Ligand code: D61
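As a starting point, one isolated chain is supplied in structure tokens, in the form predicted on its own.
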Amino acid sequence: MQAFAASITKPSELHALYKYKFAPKSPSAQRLKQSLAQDALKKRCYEFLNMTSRSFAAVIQELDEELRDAVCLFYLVLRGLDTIEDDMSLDLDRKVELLRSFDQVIYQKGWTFTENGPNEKDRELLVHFDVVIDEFLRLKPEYQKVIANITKLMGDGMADYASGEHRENTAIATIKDFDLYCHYVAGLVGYGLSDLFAASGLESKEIANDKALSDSMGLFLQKTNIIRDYREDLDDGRQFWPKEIWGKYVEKFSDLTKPEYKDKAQACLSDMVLNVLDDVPQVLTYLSKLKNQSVFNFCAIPQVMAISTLALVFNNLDIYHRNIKIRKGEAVKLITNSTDMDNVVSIFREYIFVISRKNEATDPNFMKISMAIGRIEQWIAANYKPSQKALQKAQQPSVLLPILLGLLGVLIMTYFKDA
């Protein structure tokens, strides 16, 4: 009920929540359920997936059968690696050793890890990692090769950062280092997913060969999350915003939370958002090249979530004091609508407009943000051609609003009648 209450003034979100709540299981979900009922090992892996992933579990389980298990295991392997990197209680030498050898660990039957701190949130995954390894070894060799290769590249990158390369003490120093860090932890995920898509035959080799586009898919998500998670990371002693940006505005990273630096904090935030906006044209280019429906949905949903989050955090000083997120009704609406390029472009335009409207002329980054928005619109004008269906839909009057208002009126009358 809380989600419905939060979206009470948003009829389209109420409609999405209603459909989501009462929708039957998709054919993919039904087939997965049948498969897991006959395979205890695989079932345990999907239990770990649901346990460790708040956002990706549902979209992974909607992938075509040929690809679904490989992406599930890819996620769990990288989650295991990430759990080691995140654990600040691990001895540094031990952490670096594990990060650099994790691509070999996934071939060692029976390997488990119990050295994480008791409060590490995904500790349980590594305690039972032998289950993940057994299922990984059942994948096709071409899928194993992709996962092991990305694990090696990511583990080495994480180890470099953990041991002090590309950083000043515990902080990321330059924008170049920031891009490199995001490449290691997210851009490489884009590489691996594109390689898996191509290896499955569901997408062309072109998708795997264009590494710059794959990198941008990961960078856009990671950078947006890093902006959103400022307060959480600050409280945990982590610092991912590059000093090259925040150092223009304050002496200490934590100064951004202080009332006397409010204007500086706002300018710094817009500078961070500006850095992310430059990835949007590449994200839209990548999505436009996808052919398989389940792959498109899988890739599009996180990206529309990211642009909505970017619009939410832009010029929103609450990020310096608490973790903020979009409404559940808004998220469900985005998930159900991200089915084709017509809808995805429409969603991006909607949130780019929100950013444009919040962009203040007094902000020192006003002109640069306006130009970045212009480049996104320029990409859309030059590269996106609406489908016939989209053109017809644009000419039709919407009947959704009066229907939802009528339903809302009935619910309110029923509530007061029963009260």
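All residue numbers refer to positions in the sequence shown, first residue = 1. Since this is a predicted model, take the numbers as computed values, not measurements.
The same protein also has a form predicted in complex with this ligand, omitted here; what follows describes it.
Engineer: If contact means a heavy atom within 4.5 Å, which one of 316-324, 138-146, 261-269, 78-86 is the stretch that engages this ligand in the predicted bound form?
Structural biologist: After filtering at 4.5 Å, what remains is 78-86.
Engineer: Does the 4.5 Å heavy atom contact test between Phe102 and this ligand in the predicted bound form come out positive?
Structural biologist: The answer is no: Phe102 has no heavy atom within 4.5 Å of this ligand.
Engineer: Give a yes or no for Phe298: in the predicted bound form, does one of its heavy atoms lie within 4.5 Å of a heavy atom belonging to this ligand?
Structural biologist: So Phe298 counts as contacting this ligand.
Engineer: Is Leu193 close to this ligand in the predicted bound form, meaning a heavy atom pair under 4.5 Å apart or at it?
Structural biologist: Yes, contact at 4.5 Å.
Engineer: According to a 4.5 angstroms non-hydrogen atom cut-off, is Gly218 in contact with this ligand in the predicted bound form?
Structural biologist: Gly218: contacts this ligand in the predicted bound form.
Engineer: Name the single residue among Asn116, Thr336, Asn225, Asn292 that comes within 4.5 Å of this ligand in the predicted bound form, judging by heavy atoms.
Structural biologist: Looking at Asn116, Thr336, Asn225, Asn292 one by one, just Asn225 meets the 4.5 Å heavy-atom criterion.
Engineer: Looking at Lys176, Lys205, Arg349, Lys121, which has any heavy atom no more than 4.5 Å from this ligand in the predicted bound form?
Structural biologist: Exactly one residue meets the criterion: Lys121.
Engineer: Quick check: do Leu36, Tyr46 and Phe48 each get a heavy atom within 4.5 Å of this ligand in the predicted bound form?
Structural biologist: Verified in the predicted bound form; spot residues all out of contact, no.
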